Structures are given as C-alpha cells and as structure tokens.
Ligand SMILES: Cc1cc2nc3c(=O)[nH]c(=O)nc-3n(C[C@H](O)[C@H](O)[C@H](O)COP(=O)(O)O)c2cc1C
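The chain that follows stands alone, in the form predicted alone, written as structure tokens.
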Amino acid sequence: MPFNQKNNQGYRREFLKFLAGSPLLTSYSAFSQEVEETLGEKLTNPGQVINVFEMEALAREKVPPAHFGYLISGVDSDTTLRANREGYTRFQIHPRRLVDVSGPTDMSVNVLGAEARSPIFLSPIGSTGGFHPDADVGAARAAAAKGHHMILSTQASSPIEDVVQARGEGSVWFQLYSTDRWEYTEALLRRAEAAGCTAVCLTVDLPGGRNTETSAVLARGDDRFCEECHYGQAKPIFDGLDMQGVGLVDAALTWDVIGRIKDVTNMKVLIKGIEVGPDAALAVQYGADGIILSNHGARATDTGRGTIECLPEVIAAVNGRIPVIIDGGIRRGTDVFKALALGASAVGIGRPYCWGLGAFGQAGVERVLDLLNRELAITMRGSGTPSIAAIGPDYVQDVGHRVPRGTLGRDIL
C-alpha cells in the first residue's frame, strides 16, 4: 500500500506505544527500544548493519505499521511465535577441535536437484510489495547474487515469470495454496511449471483460517484505506482466473492430493506444514518428494511448539527417504547449524529477508544473506565442520528445556 515517510512517522509512534505494552514483546529489552528510536539515523546503508535484529529495527521504522504488523504477527497470544525462537535454546552445539578448517568452508547443498551455495533458502512470503517496491523480484535478484534457492508464494506481489527470470530457471520452487476449485489448482501448477519452477510446495497447515490478533491491533493505528490495495484485486498468479467466490484453501484435501498433483505436473512435490512424525511418515507413504517442516511462521495453529522441537521426530519418521527442510524462528547462523545437525537438508528464512527488503530493498536482502552466511561459516569452522556434509547429530545436544529470550538481550522474536 503506498505511503509517505512523513505520515509513517506518526504511525510508527503509535506502533511503538503498542509494543511497549504488548504481550508479543514482553522480552523486548530497554536497549532494543532505545535502538528503535535512533538506529535509522545512524545506519544509512546495509553494509553498516551487523545482525538481522538491527535490520528488523530499520524495517520497523520504514514499513507502515499495518504492513509490519502483518509480517511480525503470530496467532492468538503469539505463544508459538515465541516458541519458534526459544526452541533453539534447547539445543547446544558440541564443537570439535584440532580439525583442519583452513580451507574454504563448503556450505553448498543440492536438494531435489536444486543447487545452492548456502543451505539457507528464501521461504515464501506473500505481499512483499507492501514492504518495498522491489518486492519478490528484488528478493530473487538478491538470491541470485548470493547463490540462494527461493520458494515463491502463491500470494507473491510479482508475476512468477518475472521472479524466475530474476533468479534463474531451476532455482525457484512454487508454494501452492490449492484453492477450493481443482481446475484452478491445475492452472496454477501448469503456470508455475511453464515459468521454470522445478518443485511445488503444497501448504497444508491452514485448513481453518487463523487468528492474527497482533496484526489486527497494529492495523488500528493505520488510517489509510486498505481496500485501495488489498481487496478486489487478485495477485498476479491469478491473472486470467475469475476468483470471485473462490477460496484460497481447500479444507477437504486428504493425502491423495499428492498423487493428484503428480498427475498434473512433473515438478517435485513437497508438503509444507508438517509438524509431527506420523504425518511425515504418511507424506513418504503417499509419494511426497520432500517435506517442509513449518508452522507457517507461527501463523497457523498456536501449538506452543517450535519447529526445531518438532524436527527430531520428523527426521526419525522420514528415516532418510526424502529431504526435510525446516523454517520458523531462524535468526542466527548457529540456528542454521543446529537444524542441519539435527538432520535438516536445508533451512528457510522468511521474516529476516523481508526485514532487509523493507529496510533497503534488494540490497537489504543481500546484506541479511551475507550476515547469516558469515555467522554459519564461523560456526562451522569453530565446530570443526568444514562442509555441510560434516555436520551431524554428534554436534548438537538437546538439554530438554528452553531459555526465555528475555534473558538474551537483542536476540528477540
């Protein structure tokens, strides 16, 4: 939605008042609130940003509250949103010493034929045009510049053909909301394959809607007319389809949908939204090519369980038969390392790269990727693992409890 910087300052003041009393950020430190008020005056280019939390603060200054509220909101009381971050504190890294790590750190991966220089994938985020005009094309160009794989949302602001062209054919997967009209689902699949996508990631974790209270509260502080941009206009993927009365999700889907999709397309089929071992086993049984362990960025069901805490049982159920990618709560290179050690083939980030997008456009996304890759490389060398293949279960231990993020300074939601 269009906005100007002057009006945004007023919205931002109201936004900060909300944050001060919000249960969402009860761990929000006094230091971080001080940074909110001053950081934008000090950091004027992405190269000055030292971690993703500073990028979040910069994005919060620049992105309108309603749009930023959409990005940061979980569901209900945001319990799962906190769990996604705090879950990583359950796992400790076990570094090994006197290992030759003098050569280049090999962070490359190949997941279902998708080659990337880093195991950090860009997860699907809808409506990125609300954060910066560069939108999905800017994120794709950043991914191309840094050698990262990308998954594009059905709700993307940019046409899928433009995104694939910006990133490169074979380097984009398509996240699918099935719609409740199968012929439309088939049309989306055919368009994605024709555009050059090599896999489809069917999202299955929103059959009954969601209750995004934080987003709704923040939208109250934004007096622009949202219908100008967000209602009555289909996203580019629906061009040519009459979406009047068509639901974005089919609540009647069952496991046979995997076979139905494979009858339509030659793309690989991943199921996105798996959180428990029994469902992971069923995904394998019904022919899924991969799993994305995800709780929709804590925006589906408020389970109170972080995705990293779900990973061991999902890995055990899959038993190496198909790759497992995990997203949710990843903010540090150490988080990436822990997920890989627990058996993930790759990880996804959503909010962090959108913070970069909101703060500086494409250049901000590139900076976020640089920061996380740098932290991962340092962790790998410091742990005695010169390559992704060297990272295994011996490098991490579950201590069985979380450490509240309120004790960890800037490392917050």
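Worth saying up front: this structure is predicted, and the values here are computed from it rather than measured. So that there is no doubt, residue numbering starts at 1 and follows the sequence shown.
Heads up, the form predicted in complex with the named molecule isn't pictured, but that's what we're talking about next.
Looking at the named molecule in the model of the complex, residues G130, S158 and L357 place no heavy atom within 4.5 Å of it. Heavy atoms within 4.5 Å of the named molecule in the model of the complex map, among the stretches 132-140, 192-200, 108-116, 149-157, onto 149-157 alone. Taking G361, P46, G350, P64 one by one, only a single residue has any non-hydrogen atom within 4.5 Å of the named molecule in the model of the complex, and it is G350.
The listed set K272, R167, K268, R332 contains one residue whose heavy atoms approach the named molecule in the model of the complex to within 4.5 Å, identified as K272. The named molecule is not drawn, but in the model of the complex it has no heavy atom within 4.5 Å of G287. Contact annotation for F53: none of its heavy atoms lies within 4.5 Å of the named molecule in the model of the complex. Although the partner is absent here, Y177 is a contact residue: one of its heavy atoms lies within 4.5 angstroms of the named molecule in the model of the complex. In the model of the complex, G126 approaches the named molecule with a heavy atom inside 4.5 Å. Shown here without the named molecule, the chain has Y70, L71 in 69-98 lying with a heavy atom within 4.5 Å of that partner in the model of the complex.
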